[in-house]
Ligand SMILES: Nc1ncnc2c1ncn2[C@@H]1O[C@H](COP(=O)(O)OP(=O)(O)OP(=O)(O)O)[C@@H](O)[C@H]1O
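Single chain ahead, by itself, as structure tokens, in the form predicted alone.
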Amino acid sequence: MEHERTLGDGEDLVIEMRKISKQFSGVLANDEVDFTLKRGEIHALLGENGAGKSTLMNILYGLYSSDGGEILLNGEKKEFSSPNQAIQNRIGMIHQHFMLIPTLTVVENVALGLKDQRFYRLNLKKVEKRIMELSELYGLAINPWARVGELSVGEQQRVEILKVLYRDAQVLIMDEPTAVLTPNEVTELFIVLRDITKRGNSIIFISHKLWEVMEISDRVTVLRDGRRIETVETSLTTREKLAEMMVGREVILQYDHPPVRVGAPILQLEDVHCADDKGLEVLRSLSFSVCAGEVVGIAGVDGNGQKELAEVVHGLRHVDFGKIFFNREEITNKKPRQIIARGLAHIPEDRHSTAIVMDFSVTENLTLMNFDSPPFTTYGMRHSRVCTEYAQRMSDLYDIRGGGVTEEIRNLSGGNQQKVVIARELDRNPDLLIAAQPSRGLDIGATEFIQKQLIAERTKGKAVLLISTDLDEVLAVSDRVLIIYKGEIMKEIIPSQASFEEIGLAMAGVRD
């Protein structure tokens, strides 16, 4: 990939982190990690969850102190004991979850914490003027007097960037900056980031999304298990090579979809309306179907009714208007147990609160749905040996690792916890599988395994409803994709036939 700009000399380093180590409760989060940042570059820090990316950057930003190693800023050794010290040294960090106050305006949010802004002499006009200058300089169009709570997610991110630039940051650390953006907002962000580096600033871009790293970065450093695996020029590598570095083995990034004859509708929603926990309508006139032998993906920015959609199908949330049919039988507002008995399986989006019991063992979680029924229990007597043997078969079949079937599930990794949920749900041979955010928080290896399971269910003739905010996942797994915005279906697409631009527009609420 070629950028319009050229980087400075190879020795023109802004940041040098040498042999940085950090330990938490005996676990090495960073193990003698080296990292460098050149002036005017975008350097991606890539790795799976738990690889040590955020820990390394939190050390640079002064949120953590390192146990070993040193940091050089423009060739001078530095130690930052607080974010305030990092900011004073022109290092800024934009967190994945925005640090903004929704009830305040853009100007007021930017002014918060400024040394020359005291309650008795606030000069918001001065702040406004500088915001407008920065907005024009970097293409960050924003209304300085708009309330942050009324801005789109993409506009809120611009405010975060303006906060950092206002403080004259030379280095910007961006932690998973695209997690809540539409594809079009991601494109706009990348334009802004390139403009920022053209003016001599440098950006550290923390991510686990391979296509983003290939698109935006000049160099990539890959971390795995707290160690630096390699630093490479982006133009000299591929997504496949980066994935292999992240996981330590070859990873499949594109899946085969064996031909399947699509059968009758298993799930049908007709003009469904429902409210959220605050009583506000969150699903509006929702109508679609999922047939046997297909994966239907629901794509959209988080918070547009995805959670409520899964809940109304499962009977966990009341439908205010409209009808839901399962195998042509109406199940609207039926009890969850009745719907499960008809052949529903559900992988919830929050496995810790709604899918597993953290204090239970792997065996207890695998038998959670029918622990009181044969063969696990007869005449009120639980058969421990039968339960253990069943759990062992499931562990072998679904490659569940982490201490054995008697181990408390809290001691397993997130990927293995999710495998327990999938094993339990799929072993019931459901007609319909709802998979809500099935790979959220998981590493590439676990994600690959889970996505293959979804496609396998579809190939066996089952209906799969995939609800995910990870657009890459939806496009890789689904046969059809429905794009949801504020509880309404904006567009239906076939993954191979749609552009990112039209998907992004639909995710932002623009109809054809």
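Start at 1 with the first residue shown and count on from there. Not measured: the values here are computed from a predicted model.
What follows is about the form predicted in complex with the ligand, which we do not show.
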| property | result |
| --- | --- |
| Region of this chain that lies against the ligand in the predicted bound form, out of 65-73, 454-462, 474-482, 24-32 [heavy atom, 4.5 Å] | 24-32 |
| Residue among 59, 51, 444, 450 with a heavy atom within 4.5 Å of the ligand in the predicted bound form | 51 |
| The unique member of 285, 327, 89, 96 whose heavy atoms fall within 4.5 Å of the ligand in the predicted bound form | 96 |
| In the predicted bound form, residue 208 touching the ligand (heavy atom, 4.5 Å) | yes |
| 4.5 angstroms heavy atom contact with the ligand in the predicted bound form for residue 55 | yes |
| Heavy atom of residue 176 within 4.5 Å of the ligand in the predicted bound form | yes |
| Residue 96 and residue 414, C-alpha gap in the predicted bound form relative to this structure (3 Å or more) | closer |
| Note on residue 209-residue 412 C-alpha separation in the predicted bound form, which departs from the shown form by 3 angstroms or more | closer |
